[in-house]
Structures are given as structure tokens and as C-alpha cells.
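This document starts with one chain, in the form predicted on its own, laid out as C-alpha cells.
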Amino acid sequence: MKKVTVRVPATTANLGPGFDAFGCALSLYTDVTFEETDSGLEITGCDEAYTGPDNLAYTAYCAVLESLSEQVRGVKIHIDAHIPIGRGLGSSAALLVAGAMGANVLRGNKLSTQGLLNITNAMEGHPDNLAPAFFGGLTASMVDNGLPVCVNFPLHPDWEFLALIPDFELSTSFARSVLPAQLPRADAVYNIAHGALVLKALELGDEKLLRNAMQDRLHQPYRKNLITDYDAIEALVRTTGAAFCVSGAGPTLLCITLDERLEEKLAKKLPQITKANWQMLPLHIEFEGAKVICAE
């Protein structure tokens, strides 16, 4: 086998109080094709700034080959990305997952998915996006002695996800820089309790419980100041009864609801209260996770 295409879903991390722990795969995808060649590195399909050896798909590809003690040969990589960059929907994790899986498939699937998660987590630093990208669905993850541990949780099938994606980026590193180094004990207890209830609400399909449980004191109160018109948008969404949170580090805002008409309800009012241009993107749960869609 010399050529493989891997499809990786977008992911939303944190889900309110589950900072660096909770993640969910969504129905928006990046496809990456890897074709072994006899000469060098060639990357197409993306901005020229991302066509060098520091491209995340390529670095993950190399990391897996090195872990297998395999020589890194020439490779042509084509990226067909529908996950927006720098918007809190797991675009970086998707490239890491694609690169790791692509290399593994081309070498006969010698590593398990957990093994690939171990390698990519060492590169990313936290598994909250990587785990749902690999395994699909809703996951909770932690790192134990340097290795990621993740489990899947059940999800009610009727949930609708509506991503509000603005026309500006927010880097994860900057979004992390505004977080406090320490928190009061009361805030830690608050997040533990709310996180547990988020998982149960998502399982039961309990929109009222989810709306209340999505409250957070660890990262959203600090990050919201980086997102244009956050307070106005949150107030609008809450009038609909939907749950609301920052997707990952932001600036995408995520609505979770049982109401299939949520997009219609927000369509007229959202432009009236915001300065930025916001795209409303309806999404569903991706239960399967990353997969090979073509191999030659």
C-alpha cells in the first residue's frame, strides 16, 4: 500500500466545566491523503504557510514512523480541510490524528489506536480533542504517568449542535494565557459537580439540566472577554432554552439543544446584536471517529 486517505471529525472540547477533559466529535471533517514518493515532502491543499516540515499532519506522520523505527521517506500530503483553523473545533488535533493514522496504515497497522493516541498526546499536551477525534462520540480523558486514558460516555440521540463560528481566530496559547494559575477551592468543587451533571444530562437528553450544568468557573469567565459580543450572544441563546458554552479555547460558541428550529430562531436576531460576522453551522454527533476512506 502506497496511498491512504484518512477522514477525521471536528471536535469540541471542554463542554463547559470539563476543562481539558471532556470532548465530543462532530460532523465536520478534514480529509488528508498520504502518498509515499521517492523524493522529499510535498504538501498541497492548504495555505503556503503550512506546507513546510512543521505541518502537524507531517510531524505526526514522522513521529509514528520513528516510533516504529521506520525510515521517513518522501511523502505527498494533500489536505482537504473543512474544519476552520483557530476556531476551537479541533483543527490541530484533526491533522495530528490524520498524520498518525496515515503513517500507521501505510506500515500495516502495527500500532493500536491507543498507541497512536499516546504518540499524538505527547505532541499536543492534552487529549481532550484527540480522544473524540480518534474514538468518536463523547469522551472524558486524563493523563496518568504521562499517558492518556480516555473513556466514552453515552449520548442521547436527539441532541442538536449549532456552532456559532465568527470571522476571527483565537489561538489556543493566547486563550490559555488569560487563565489564572490557581483557583479557590469553592470553584474547583463547583466545576467537579457541574461536570458530573453535564455527562448525565447528555446521556438523558435533559436540556434543562444541561443548560444549568454547563456553567463553569475555570476558563469561560476569563476567555469570554476575548470573544466579541459573548455576553449578548449568551443572553440571546439562553432565551431559547438551549445549553451554551465556548467550544474548546474559542472563539466558536456552541449551542446544544433538542430544538430542531434553533438555527431558525437565531437567524434574524443574531446579526442584530453582534459586531462580527457569525456563521451558524448545524452539526450532529460523529460516533465513529477517524477512519480510512480510501487505500491503494
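When you see a residue number, it is the position in the sequence shown, counting from 1. On a predicted model such as this, the values are computed, not experimentally measured, just so you know.
Just so you know, the form predicted in complex with L-homoserine (HSE) exists too; it's not on screen, but the next bit is about it.
Of the residues 217, 87, 211, 126, just one reaches L-homoserine (HSE) in the model of the complex with a heavy atom at 4.5 Å or closer; this is 126. Just one of 176, 76, 224, 110 comes within 4.5 Å of L-homoserine (HSE) in the model of the complex, counting any heavy atom, and that one is 176. Exactly one of the stretches 259 to 267, 62 to 70, 243 to 251, 33 to 41 approaches L-homoserine (HSE) in the model of the complex with heavy atoms within 4.5 Å, and it is 243 to 251. Proximity of 14, 20 and 172 to L-homoserine (HSE) in the model of the complex is complete: all three residues have a non-hydrogen atom within 4.5 angstroms. Taking L-homoserine (HSE) as positioned in the model of the complex, none of the residues of 60 to 81 brings a heavy atom within 4.5 Å of it.
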